[in-house]
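Form predicted alone, single chain, as structure tokens, below.
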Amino acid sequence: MYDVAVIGAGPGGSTTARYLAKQGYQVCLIDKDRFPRDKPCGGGFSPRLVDEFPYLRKRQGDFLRGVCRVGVIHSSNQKTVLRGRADMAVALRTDFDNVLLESALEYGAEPKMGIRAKSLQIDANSVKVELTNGDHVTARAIVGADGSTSMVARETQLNAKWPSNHITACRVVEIPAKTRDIIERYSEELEYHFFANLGGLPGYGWIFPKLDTINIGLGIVGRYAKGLLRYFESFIKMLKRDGYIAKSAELNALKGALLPTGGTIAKSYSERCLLVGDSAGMVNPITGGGIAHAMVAGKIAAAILARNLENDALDDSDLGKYQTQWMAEFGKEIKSQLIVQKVFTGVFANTLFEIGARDSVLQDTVSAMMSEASAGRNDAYRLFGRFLYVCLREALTP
């Protein structure tokens, strides 16, 4: 029997497995895909992530594909642009996730790749995970890091299904390009772009230039996402027309994804079980970014399990400290980001852009929030406080 079975080897799952295995626990890491594998995602995150997880520093040459320095945010009516300085690191998820997996395996986590976990049973002493190949895995505890459609969340009844207004459907493509061409289009500072509420629909489009690819995506809130492919094709036509990508750009590797952007679930733990990352909705509601939150949650989950495994204190009541700790780290920040999301997808969004265009501090603040370079749950209050200040300043200026 394993100490812990981790379902999903993305950033949250591999981080959890690494910290548990490093402490000597027997960990099984299960994923439906074989690595290296691609993951539909922008691949952007704060450069601070390498400081929070120092073991990544020696491997950053294996995954880092540039640091974008300037954020450009376009209003939905395409009349106003905010431009601010805020660093965002960019990577290919194929490389990044593989580095994280290798870091877990380095400490002895046992991989079961290319096998889907299809169901689980939890009893008083263990968790039994049934696999699609007919085998099963038994462990003292389980971690569900298996994404927005998490089997673990469903089987434990922690989250049966996301409401359609809490999920964002995305289409993503990584377009190969020559470095010289990327710099000509996005400058040496690798300007990254967000397009708010394209077509008047709640959501966003993005462009993340990297070393030799350009990542382009479009996400629309699930309730309004019917016809997403058609909207994505229109987005691409606009980008080609305006010179953001070459007219000959190939879009053969188009992929889809679902992101939980409506906030976290009410409870992320149950008997012998913790949920990490997208499975618990640990995603920035503004951008859909979840890499950093998943990794921080994975580190917390490992610490909680390591402490409780010693005494087999794995009941529902024993694991509540997990939620308390990740809420303190970033949960309240997600709540404030949800407020910003609702405001900037609302009827006054274009007006807010017009106000923001009059103040460089506001533009830097917005770019920092979009790039996840900012930190702290008070960002929303600072942002709206600055908007109020600018309005008063403009009104009182002769």
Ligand SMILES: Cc1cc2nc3c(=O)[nH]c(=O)nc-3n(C[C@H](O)[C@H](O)[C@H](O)COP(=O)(O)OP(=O)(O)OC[C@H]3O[C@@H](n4cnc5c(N)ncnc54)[C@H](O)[C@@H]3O)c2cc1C
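Model, not experiment: these values are computed from the prediction. Residue positions are given as counts along the sequence shown, with the first one as 1.
Heads up, the form predicted in complex with this ligand isn't pictured, but that's what we're talking about next.
Work out which of the listed stretches, 143-151, 300-308, 230-238, 244-252, brings a heavy atom within 4.5 angstroms of this ligand in the predicted bound form.
-> Among the candidates, contact is made by 143-151.
Which of 269, 206, 326, 186 has a heavy atom within 4.5 Å of this ligand in the predicted bound form?
-> Flagged contact: 206.
Quick one: from 37, 69, 65, 335, grab the residue that has a heavy atom within 4.5 Å of this ligand in the predicted bound form.
-> The residue from 37, 69, 65, 335 that makes the contact is 37.
At the 4.5 Å heavy atom threshold, is residue 193 in contact with this ligand in the predicted bound form?
-> Close contact is absent here: in the predicted bound form, residue 193 is far from this ligand, nothing within 4.5 Å, heavy atoms only.
Proximity of residue 84 to this ligand in the predicted bound form, heavy atoms at 4.5 Å = Residue 84: no contact with this ligand in the predicted bound form.
Look up in the predicted bound form whether residue 364 has a non-hydrogen atom within 4.5 angstroms of this ligand, and give yes or no.
-> Result no; residue 364 lies far from this ligand in the predicted bound form.
Does at least one non-hydrogen atom of residue 27 fall within 4.5 angstroms of this ligand in the predicted bound form?
-> Residue-level check for residue 27: no, no contact with this ligand.
Just give me the residues of 162-181, first to last, that have a heavy atom within 4.5 Å of this ligand in the predicted bound form.
-> Those in contact are 170, 172.
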